[in-house]
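We begin with a single chain expressed as structure tokens, specifically the form predicted on its own.
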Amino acid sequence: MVKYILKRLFQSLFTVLLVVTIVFLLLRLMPTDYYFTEDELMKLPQEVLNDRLQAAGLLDPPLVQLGRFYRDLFTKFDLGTSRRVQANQPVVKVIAGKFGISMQMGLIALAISIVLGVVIGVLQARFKDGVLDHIGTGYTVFVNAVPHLVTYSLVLAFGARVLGLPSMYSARKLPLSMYLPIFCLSIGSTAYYMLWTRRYMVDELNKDYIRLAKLKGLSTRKVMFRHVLKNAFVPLVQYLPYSILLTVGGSLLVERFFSVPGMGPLLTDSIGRYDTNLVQALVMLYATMGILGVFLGDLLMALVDPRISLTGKGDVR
């Protein structure tokens, strides 16, 4: 187990560094004009622009810039400063200010999704082909078939006009202005947990050991919760760490739709405004979150299900 963990950590670190290196070098292929605003390009002479590029180290060879980037990262945890989104502010500070908002909303939305999704999925499996099962299936199909923007628009119209909730995020109207974004964040994950909880539980209900448990006289409730739910939840556990990290990272569409100043719009804003230092930092953050989520999912599955063992060769048995 220890060898496997160390090997996976090394592989994860190598993958993150590879992704960051590729993005870093690709960004250095961009024309240097993108580092300036239109007013600066029109008003400042070329000599002044070159001096600014030289002072920022952007005229050095790409590999020299890459080495300097990793030196600052590993020695001072310095990811540079933002040039456009928040001029002259440390990138770490810019991200930290957004991350807290996304983390708060994301964790609340995920908690709602897990509770509702698992509970309704269990009830769907328990009363298969009943009214609740059809309603739940219809909800899942609707969420997956209808474009997210349409769903969010319906939520916004109902919440604002019928319930009187704020239509946009506002720090002065907390927590009311968080309700609609959190609900929209939870819609997709709730459908996911409903679908797969139901599917795995229905599969478990058809297995021989469940029939044997019923023949021994165990009640339906005991069979459902002692055996079926426990085994059906194992595959869902693998997705749980990844979904937590992904949700905490923020939803681009939801946060932009409700004007939430979180992590979601930050990446597109930094790309659109050619804030290369911020783009590099965000790519590294999202790559780390994604890879760490997959890694933690494998470990959590091995802890929950004793039938799964992790070998030193990286195989899962």
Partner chain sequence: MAKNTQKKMPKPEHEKTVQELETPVPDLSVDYSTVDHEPKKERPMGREHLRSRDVMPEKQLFEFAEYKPQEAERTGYSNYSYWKSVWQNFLKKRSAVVMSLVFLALFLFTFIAPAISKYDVNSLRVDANLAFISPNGEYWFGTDNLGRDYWSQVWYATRASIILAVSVSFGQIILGVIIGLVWGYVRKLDRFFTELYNLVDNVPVIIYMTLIAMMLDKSMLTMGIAMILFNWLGTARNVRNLVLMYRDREYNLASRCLGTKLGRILFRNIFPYLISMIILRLALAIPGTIAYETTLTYLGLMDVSMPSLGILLRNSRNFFLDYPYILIFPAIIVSIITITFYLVGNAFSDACDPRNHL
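These numbers come from a predicted model, not from an experiment. Residue numbers count along the first chain shown, from 1.
One more form of this protein, predicted together with its partner chain, exists but is not displayed; see below.
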| property | result |
| --- | --- |
| One residue of L44, L53, L252, V64 in contact with its partner chain, assessed in the predicted bound form (non-hydrogen atom, 4.5 angstroms) | L252 |
| Non-hydrogen atom contact Y274 with its partner chain in the predicted bound form at 4.5 angstroms | yes |
| Touches its partner chain in the predicted bound form: L9 (any heavy atom, 4.5 Å) | no |
| Close approach of L27 to its partner chain in the predicted bound form, 4.5 Å, heavy atom | yes |
| Contact of Y286 with its partner chain in the predicted bound form (heavy atom, 4.5 Å) | yes |
| L163, V237 and L240 all contacting its partner chain in the predicted bound form, non-hydrogen atom within 4.5 Å | no |
| Among 147-155, 95-103, 74-82, 108-116, the region lying within 4.5 Å of its partner chain in the predicted bound form by heavy atom distance | 147-155 |
